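To begin, one chain is listed below as structure tokens, in the form predicted on its own.
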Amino acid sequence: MTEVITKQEREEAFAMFYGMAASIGELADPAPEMTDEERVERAKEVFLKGIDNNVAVQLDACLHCGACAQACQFFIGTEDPKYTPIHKLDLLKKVYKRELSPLSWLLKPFTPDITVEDLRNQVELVYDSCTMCGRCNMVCPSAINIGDLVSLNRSAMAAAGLAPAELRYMRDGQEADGTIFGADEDLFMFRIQDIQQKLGFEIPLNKKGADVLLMTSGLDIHLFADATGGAIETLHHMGVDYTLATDAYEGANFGSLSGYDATKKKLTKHSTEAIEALGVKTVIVPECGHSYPALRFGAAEAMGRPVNFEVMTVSEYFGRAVMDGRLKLEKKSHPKPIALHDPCKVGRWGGVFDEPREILKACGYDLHETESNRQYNFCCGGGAANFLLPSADKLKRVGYRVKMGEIEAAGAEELVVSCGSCRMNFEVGKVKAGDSIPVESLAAIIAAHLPKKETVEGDKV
């Protein structure tokens, strides 16, 4: 593998980026001015629109068994009952019972309406103390999709002008020009040209009719060029007909994360139109957990029709190539045992589990599974953009400690991830906790294990 970014360069970039990220809330425009009545009205409008028959059944189905509490790392780490996942739906349930339930005609006269104070109290529960990881969904005996319903809560808070300043800033920037963290087209091109120079071959851009489009993200452009560079080097090695695109390089979608549904749809629609204009068959989203469902599950929804391309994550695409023999990796000696973190949206929501494990096996790693793994894997603690929220710092550290405790118990000395947000949260968690475990990109690991190609005569091909 050609080193596209050194460890020192990455550490310096991380320090600068972390400092910038810590202050973005101060850069946000003021929250929209509304009266308390307007905030309540807008939140209720979102709630009532979102409560269809399926949601109503789920809101009536809770058995009050407490299973979801034991699945949530924020509850496990704090033992505070307010962080029980199902309690994060209490406000939504109150609106449902009062306005739409079969007994609403009886309950409404005796049930107070929600207040702006209720909304403000809800902000911590659905932003700071929930990453929408979906682990609670897996253990609920009534099959309540708490993660999706928390997302509905976020949409209501955003409509009421109560989304955290940091997420408003990120959403506003991406709404305006489609970029995050200032990673505009000029910066994207700078990074691609830098990677191209270091790899020693031309990286195709805007190639119509290519088989594969590789996307990246502002986080990778700033910090984790080894992930983007590793994916490019591997595609080139495999002889794949691929391209990157100046009009569809950003995989992140902060409309999805922050609760601004119109922005989520706008960004997904823009990417989908650009992808279809290129005519590619497969899109590889970057090592970014939420970009996977935002495009894979959101493209058809945004367009109002089926789309004619397949969406895969980096680990999924290259893992399948290893499994069917299209990608051969060089097995090397790795004396240190490793742990693998399955990103929640890619793993639990997308079902991508075997692929990354086959990659690590082909590379010769000694994988030590954590006690909770695959669909029951714990979140990194900073998903759904929580890693950007200073107000969530205490809870992020709690979540990180629960996860890291399992990694340490597994005897792992290195950690492999396939999501930039997870990687960022682990890196920040290490700094806060004084840990030193290396955190490596799966895409970069793949590139580091590419065998050298040689002809019979010994000449490189």
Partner chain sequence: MTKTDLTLGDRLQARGVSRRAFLKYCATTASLLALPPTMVPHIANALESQRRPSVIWLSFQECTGCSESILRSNTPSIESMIFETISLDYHHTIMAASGHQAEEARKIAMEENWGNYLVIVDGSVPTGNMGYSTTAGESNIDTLKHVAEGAAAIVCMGTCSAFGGIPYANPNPTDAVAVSDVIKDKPIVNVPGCPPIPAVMTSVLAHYLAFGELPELDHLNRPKVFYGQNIHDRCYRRPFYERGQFAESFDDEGAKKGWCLYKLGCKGPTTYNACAVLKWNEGTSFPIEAGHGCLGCSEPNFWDAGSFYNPLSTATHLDAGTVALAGAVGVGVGAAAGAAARSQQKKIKAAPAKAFTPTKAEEESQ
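Just so it is clear, the model here is predicted, and its values are computed rather than measured. Positions refer to the first chain, counted from 1.
Note that the form predicted in complex with the partner chain isn't included here; everything after this is about it.
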Testing 42-50, 391-399, 413-421, 426-434 against the partner chain in the predicted bound form with a 4.5 Å heavy atom criterion leaves exactly one stretch, namely 42-50
If the criterion is a non-hydrogen atom within 4.5 angstroms, does every one of 38, 100 and 155 touch the partner chain in the predicted bound form? yes
Even though the partner isn't displayed, in the predicted bound form is residue 259 close enough to the partner chain, meaning a heavy atom within 4.5 Å? yes
Taking the partner chain as it sits in the predicted bound form, is residue 33 near enough to touch it, meaning that at least one heavy atom pair lies within 4.5 angstroms? yes
Does the partner chain get within 4.5 angstroms of any non-hydrogen atom of residue 159 in the predicted bound form? yes
Since only the chain is shown here, I'm wondering whether residue 105 would be in contact with the partner chain in the predicted bound form (any heavy atom pair within 4.5 Å). yes
